[in-house]
Every structure is written in structure tokens, then in C-alpha cells.
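Just the one chain here, laid out as C-alpha cells, in the form predicted alone.
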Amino acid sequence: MRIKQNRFWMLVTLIVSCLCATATRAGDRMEWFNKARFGMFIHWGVYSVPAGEWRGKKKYAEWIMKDAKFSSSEYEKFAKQFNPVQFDAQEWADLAKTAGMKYMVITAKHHDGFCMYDTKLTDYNIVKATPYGRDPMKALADACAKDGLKFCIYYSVVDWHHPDFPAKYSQKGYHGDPNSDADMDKYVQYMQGQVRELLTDYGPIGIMWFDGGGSFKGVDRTKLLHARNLLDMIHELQPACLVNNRLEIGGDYGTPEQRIPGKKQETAFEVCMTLNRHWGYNKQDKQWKEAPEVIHKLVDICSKGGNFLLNVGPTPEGLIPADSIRILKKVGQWMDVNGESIYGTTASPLDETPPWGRITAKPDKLYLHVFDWPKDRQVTVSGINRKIKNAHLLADKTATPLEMDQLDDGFRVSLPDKAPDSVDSVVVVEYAGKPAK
């Protein structure tokens, strides 16, 4: 009897240990994400071949298959022209690192169904269906590992090409080759098989970034996609892998698109946004967000507790556009000096947005991001009930203290005559002692 009892308690201990380990993994897997704050999104596929233009219209990008109403057979011709011989995975990873980004999310499969990796589940992929014949995902995974970036994968749960994806669940019922006998359960098996490949063959994956593109209107996508089974498989294969919220179940963080929340958020989020007006490559699109705007958006997002996932759309030759490179390098120059005020920070402790800029925080300090240098050279912060030890400009390597006054409900810092940075000058304010419990 005692032996049986011992075995029983050994089993209980093992189960409890496993549950605790799972809970720890669930909590710990967000740690890198909350420290990173800045990542590169990449929309790249055969849709880059027409470069946004078709039959005189120049408004297209990654949705060209649907927007121009291609049949699957017509659209497949772009794959035969897709030969990105100038693609250099290390250059892409190096650019992300230079810009101050800490992770990369790349489209393994977009809504058009074309696979940008060496999947064994369809020949409609870059290795088998293009002259290029190589796997850029593998090269990018290796390049990111070399540069210390988290490699992450975008995967569309919609497929305008696969015969078993029902058109009725797609955006406005579109499909390149609609099939009245389409079987959603068969498509789900295909999707799960591809996710398994991506989580098995490309090393550690930081995020599985799912997207539906506004599909599944009026239906329960979590049930249709067997999303719980999919999540369980992901966490079984790679327990540390994050999953965004677009399966509408079990998401680790939110994904506001092309907009920044108006106030700080209580839960983790990541703003995804384009560097110009399109996600995929459009050769006519020159409406760039210049470096000052990118920096201000990054700081604004971080001040509300979020991450910024900024997109580039490479050319069919495999090049990130020159203007994207120019802008990201300038952002990187600012990050080289001021990255401390971004990485590992939390939202501003204040509910109100200061008139002169934004605030990011760490447990022992605040970072005052001064966008508009005040004429009276005074920055006042109210609503802080902790004693301040000192303040200095982050760009000042000597950390020369700035004149400062402690107020009843905050503090005031006197700034130099001239801003050290015309875009965002950061003032570090250090607390004295630990916060009251």
C-alpha cells in the first residue's frame, strides 16, 4: 500500500511540476517581446512582380490577386517570373539590426496562397514554382540568429488559391478558382501541416503571426480553424513561441493595424504599420514616413505600453527599397543614442499626454521624450509622487545633472538653451529610493 501511495504522490508531483513549468513558460515567453519594442515586418511574395500596377491601374500591392480579380491560373504566371537573385538575407537582417529593431516577421504565406518557403505540402512555393528555386525563409532564419534577432513568421489563415478553402469564408467571397466541393476540414489539415513545418524546420520561432485579412465574417473562425488544436500544437512544438490575437482565441497580445491607441493599454499590444502606403511592393508609392515621424510613432506607442512592427515591401529582385533603407538607417542613428529609453520600458505612469512630448518608464527612472523644445526651457511633470534624485540628458555621455525642482505632486526640469536632437531629445529622470508599497 505504501509503495502505491508513494507512486501516487510521485505522479501528483510530476503533474504539478509540469503544470508549473507550463505556467512559467506562458509568463516568461512575453519577456523578450516586452523588452524588444521595435520590429521589422516584411510583406514579400509573387505579388511584388507586377509592382502594384496592372492594366493601367497603379493602386495594387499584396492584394492584387483579389483586387484585380485574377483567376488562379492567371495569377500563377507571376510565380514563373519571380526570380529574386539580388536577395541577401544577411543584408536584410543587418538593416533591421542597424535600425534598432529586435525581431523580424516575414510573410511565409499571404492570402494569395503562394508559399515563400520549401513546403512539402504543395508545389505552389518559391522553391518549386519559380526560377529562383531556393528557400529565403531558411536564409533569413539563419541571418536573424547571427544578428541576435528573433525570427518570426506571418501566416495567412485565408487562401485564395487552395482548392479546399471555401470562397464563402474569404473576403467578399473571392477565390481564384472557387470549388463547390471545398472541404474546410481538409484545408485546416493543410494549414496545420504547414504551421508544423514552419515550427520544425526553421529553428526557434519568436511569433506565429496569423492573419485573416477581414475574412470569416459572421462565423466562428476559432471553430472553423480548430484554433485550440492549432494553439496546442504550437505550444507543444515550441512552448516559447508567441501567438498574436487574430485567431480570436489564446492570443498573447493585440494587433492594432495602421493606428496607434489613443491612450495607454492594460494588456500587451503591437501596432503594425507600413513605412509608405502599401504593405507589398508598389513602385509608384513614394509617400514615405520619414525618420522623424517613425521615431515619434515608436515613442508614442512605447509610452502606451506597446511594440511597433514597421513594414517594408521588398522588390521582385529581392531588394528592400532604397528609401526604406535610408529612413531606417536614420531611425537607427537615433536609436543608437536613445535606445535605452525604448528597450525594456513600460508605459508612462501618467494618464495624460504631456504637451511637449511623451514619457516612457523603467522601475527606477523616467524618460522624458521632448519633441517640442519649450521656449522657457522648463519641462514640468505633475502626478508623480516619488522623490527625484537627479536628471540629465540621455545624449550627454558625462550625465551632467540638469537643474531640477521637486514639486508637491511632481517635478520641474530646466533644460539647456538648445535641444541636442531636433526630433526627440530624451531627459533621464532618476528616482530616489524605491517606490512605496
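All figures in this text were calculated on a predicted structure; none of them were measured in a lab. Each residue number is its position in the shown sequence, starting from 1.
Heads up, the form predicted together with a small molecule isn't pictured, but that's what we're talking about next.
Although the partner is absent here, R37 sits far enough away that none of its heavy atoms falls within 4.5 Å of the small molecule in the predicted bound form. The small molecule is not drawn, but in the predicted bound form it has no heavy atom within 4.5 Å of D123. Using a 4.5 Å cutoff between non-hydrogen atoms, C272 counts as a contact of the small molecule in the predicted bound form.
At the 4.5 Å threshold, heavy atoms of R246 reach the small molecule in the predicted bound form. Between the options F78, W209, F308, W334, the residue in contact with the small molecule in the predicted bound form by a heavy atom within 4.5 angstroms is W209.
Interface residue among E257, D220, E91, E290 relative to the small molecule in the predicted bound form, by the heavy atom within 4.5 Å criterion: E257. With the small molecule left out of view, the stretch that reaches within 4.5 Å of it through heavy atoms in the predicted bound form is, among 325 to 333, 339 to 347, 91 to 99, 211 to 219, 211 to 219.
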